Ligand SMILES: Cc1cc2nc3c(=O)[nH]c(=O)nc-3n(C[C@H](O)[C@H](O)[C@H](O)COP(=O)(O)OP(=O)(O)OC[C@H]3O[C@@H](n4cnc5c(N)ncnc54)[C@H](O)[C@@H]3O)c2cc1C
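What follows is one chain in structure tokens, specifically the form predicted on its own.
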Amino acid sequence: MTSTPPLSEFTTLRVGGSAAAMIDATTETELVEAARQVWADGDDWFVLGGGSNMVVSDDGFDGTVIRTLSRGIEVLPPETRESSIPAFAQAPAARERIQSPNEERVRIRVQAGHPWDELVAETVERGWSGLEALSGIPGATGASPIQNIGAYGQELASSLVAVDFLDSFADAPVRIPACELGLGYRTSVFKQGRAGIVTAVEFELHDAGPKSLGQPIGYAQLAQSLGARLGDRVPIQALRDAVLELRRSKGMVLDADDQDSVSAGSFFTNPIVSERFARTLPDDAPRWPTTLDQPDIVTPLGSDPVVPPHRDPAEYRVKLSAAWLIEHAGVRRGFSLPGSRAAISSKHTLALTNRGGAKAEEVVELARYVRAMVQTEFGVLLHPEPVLVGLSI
């Protein structure tokens, strides 16, 4: 290992040894050049943005880390008032966006290294709605489409138009429309094997000026905090403020004075299981259907009735609450293994925190324990959300 700084200095969990080499790329051009250099040298590599969704081994990384530090928000010239995302290709969340008659659309292209919450703050200040419920999420913009980030009833897919992507060993980035990214719950083609680097991200937002209303509230807890109902629209700044307050209450906003925020965010994804399996869980276990209902079939008068195709109940998919499963498996907030400096957040059971000087191995030991407890109690295998570098659970 060389004298590069330990990666714990660049990750929100504050764990991880040094890399063999590190390259800082402050522009999109430098990012492409850095990648091409590393590929030509044959080094192992990975890209580091905000370091908020990553757990790096105590042994560090025997390769090159490319730090994405490019910044900038470019407003693109309007091509049309109609959505640039074909209706048939939009994710369900995108099709549900609401636009008032007086609202225009604005398209922006954001550099991959631009801090995500700075982007959200800027869009809210300008009265552009579409990202406001994603306030407070740490990390860089380039990482946002990789796992289709989402929170409080909003997903990136609802505003994403395209990404500029440098495929491994390619000479130049290509533009990939959102409809080709395989976006789903915390997944995309990039998590399914398409290797390379996001260099910029393009969004389409709604512009109604300083008094812009946010998108319809799609999360019950957020609606309650705003004194509103599901589906209501409130001023965009009010919605951002409410989301930030909720995230702070869970230790999910980076804060030097909050030890619970020294984490990688939610450590496990909410498991998606068959409806048949979900019925075996206790009645009070939260669950949300993820399979679209059968479409209505219109039969003209006098015609023979159309029998809808049979769908096996096992095909219906249901999302469970990982936090509920963890708590009801007996793992409480603030729990830690004997002698460990890693602990469950005192505010949110999905976050594994560094209580001061923890090693990466202590974090994954706790993750293994949590996963084993849930699997033993409910037969559900939880999957980690952060990227694990040199580690496994």
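Numbers for residues come from their place in the sequence shown, where the first is 1. Only a predicted model underlies this, so the values are computations on that prediction, with no experimental measurement involved.
Here the subject shifts to the form predicted in complex with the ligand, a form of this protein not shown in this document.
Would you kindly say which of 160, 181, 143, 242 lies with a heavy atom within 4.5 Å of the ligand in the model of the complex?
Contact check passes for 143.
In the model of the complex, which of the listed residues (124, 205, 110, 197) lies with a heavy atom within 4.5 Å of the ligand?
Looking at the other structure, the residue within range turns out to be 197.
Tell me which stretch of 232 to 240, 277 to 285, 168 to 176, 130 to 138 has a heavy atom within 4.5 angstroms of the ligand in the model of the complex.
It is 130 to 138 that comes within 4.5 Å of the partner.
Please tell me whether any heavy atom belonging to residue 335 falls inside 4.5 Å of a heavy atom of the ligand, as the geometry stands in the model of the complex.
No.
Looking in the model of the complex, any heavy atom of residue 12 within 4.5 Å of the ligand?
Taking the distances in the model of the complex, the answer for residue 12 is yes, it comes within 4.5 Å of the ligand.
Can you work out whether residue 68 and the ligand are in contact in the model of the complex, taking contact to mean some heavy atom pair no more than 4.5 Å apart?
Yes, residue 68 is a contact residue.
Could you tell me if residue 271 has a non-hydrogen atom within 4.5 Å of the ligand in the model of the complex?
It does not: once the ligand is placed as it appears in the model of the complex, residue 271 has no heavy atom within 4.5 Å of it.
When the ligand is placed as it is in the model of the complex, are 153, 383 and 384 each within 4.5 Å of it, taking any non-hydrogen atom of the residue?
No: no residue has a heavy atom within 4.5 Å of the partner.
Check each residue of 34 to 49 against the ligand in the model of the complex and list those with a heavy atom within 4.5 Å, in sequence order.
Contacting residues: 46, 47, 48, 49.
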